[in-house]
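The data below hold one chain only, encoded as structure tokens and taken in the form predicted alone.
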């Protein structure tokens, strides 16, 4: 017999089915709650609400497990390329040699953006935040490909839009950086790999060629894989709910970029470096700042420690810590902020206060250190996150469309004034 849950409201009992997921997670299916009882549920932030069923990513925060389509994140980060993982997330299976070659060829064929887009970049002020520019540019792609605005196109047409977006986002991201630096744009080099091509567009100058360091490219590959998807987070849920209105893929992804921008989501790695710089400018006295972090009455919080979902450890942090160490050793970077970061890491891993509360360095902590070591400006950190998260957003959008999910429309409990009559302004 199927498992059910009973809810009693006003002396009446209502029964609802219990849904069991592939990893034995359980959920009460309340689709008919309002229709049968006249009630809804209240769940601020949707912390206990499943908005969908999904076959993309499995996350177990209590046990530190993250899997894409069943594959452990540890194996993918160690053995796969970012484009393999992108294919896996979007199409459900790892590609064979031919599928991967065709996928790479299609991506390579679409890395250029329309020359008219240069005028958009030139219209932004030099201090325009790269995330605002990136979100606008992604949305504007739909105006260059008006056929993409129909969500009910054949599979081949949808795949073309997907491949264009994966190909063009690194180009747009690099252009947003170059524009902020007031440097000339660098065109894609299609003989380079995905990560190497992006690094080349970021750091090449007219007077000298840039040779991507294999250690740096490998670290970037791991970072993109680790960020590729993370279940129904704020930005993924945003992409799904915007897409549920049958908005085109470009518009839906642009909304995801905007959601990622916030410091409570993708902006956390930028906040890490800003925190380290603040400690450095104060003299680098870590004992003082650690004491402030322990003081519950002090508003200061350590950024890049602990996680809202992972309760014991973030499996991605263990992987990226090694890449971080490799990059710092290879580049031989000397930076007071990075020295503070390494000392802070040691404290967090050994101090009982942090250990008992699960305040371990997370993926944002290490990714921020890597980006700083690569001389990527802090305002670009969240754009780097968006590059990695793109295939996850696409997979979430594609799954939502293919499942023909209804338009997102949360309910509310009204707490404002009850009915009252309009009073003419002369009597107020």
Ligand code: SDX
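Keep in mind that this is a model prediction, so the values were computed, not measured. Rigid core: the largest C-alpha set superposing within 1.5 Å between the two forms. Numbering follows the first chain given and starts at 1.
We do not show the form predicted in complex with this ligand, though everything after this point is about it.
Which single stretch, out of 371-379, 398-406, 355-363, 33-41, brings residue heavy atoms within 4.5 Å of this ligand in the predicted bound form?
Single hit among the candidates: 355-363.
Between the options 230, 280, 110, 321, which residue brings a heavy atom to within 4.5 Å of this ligand in the predicted bound form?
None of the other options qualify; the answer is 230.
Exactly one of 114, 346, 311, 183 has a non-hydrogen atom within 4.5 Å of this ligand in the predicted bound form; which residue is it?
After the contact test, the surviving option is 311.
Can you tell me whether residue 301 touches this ligand? I mean in the predicted bound form, with a 4.5 angstroms heavy atom cut-off.
Yes, residue 301 sits close enough to this ligand in the predicted bound form that at least one of its heavy atoms falls within 4.5 Å.
Does at least one non-hydrogen atom of residue 261 fall within 4.5 angstroms of this ligand in the predicted bound form?
Close contact is absent here: in the predicted bound form, residue 261 is far from this ligand, nothing within 4.5 Å, heavy atoms only.
Is residue 316 one of the residues lying within 4.5 Å of this ligand in the predicted bound form, judged by heavy atom distances?
Answer yes; at least one heavy atom of residue 316 falls within 4.5 Å of this ligand in the predicted bound form.
Can any non-hydrogen atom of residue 265 be found within 4.5 angstroms of this ligand in the predicted bound form?
Because a heavy atom of residue 265 falls inside 4.5 Å of this ligand in the predicted bound form, the answer is yes.
Using a 4.5 Å heavy atom cutoff, which residues in 273-300 contact this ligand in the predicted bound form? It's fine if the answer is none.
Going through 273-300 in order - heavy atoms within 4.5 Å of this ligand in the predicted bound form - the hits are 293, 296.
Once the two forms are fit on the core, has residue 115 moved its CA by at least 2 Å between this form and the one not shown?
For residue 115, whose C-alpha is compared between this form and the one not shown after core superposition, the shift is less than 2 Å.
Would you say residue 278 moves its Cα by 2 Å or more between this form and the one not shown, aligning on the core?
No, the C-alpha moves less than 2 Å.
If we fit on the core, is the Cα of residue 351 displaced 2 Å or more between this form and the one not shown?
Shift at residue 351: 2 Å or more after core fit.
In the predicted bound form, the Cα separation between residue 48 and residue 356 changes by 3 Å or more relative to the shown form; did it shrink or grow?
They are closer; the C-alpha distance drops by 3 Å or more in the predicted bound form.
In the predicted bound form, whether the C-alpha atoms of residue 348 and residue 219 sit closer or farther than here (change of 3 Å or more)
Pair moves farther apart in the predicted bound form.
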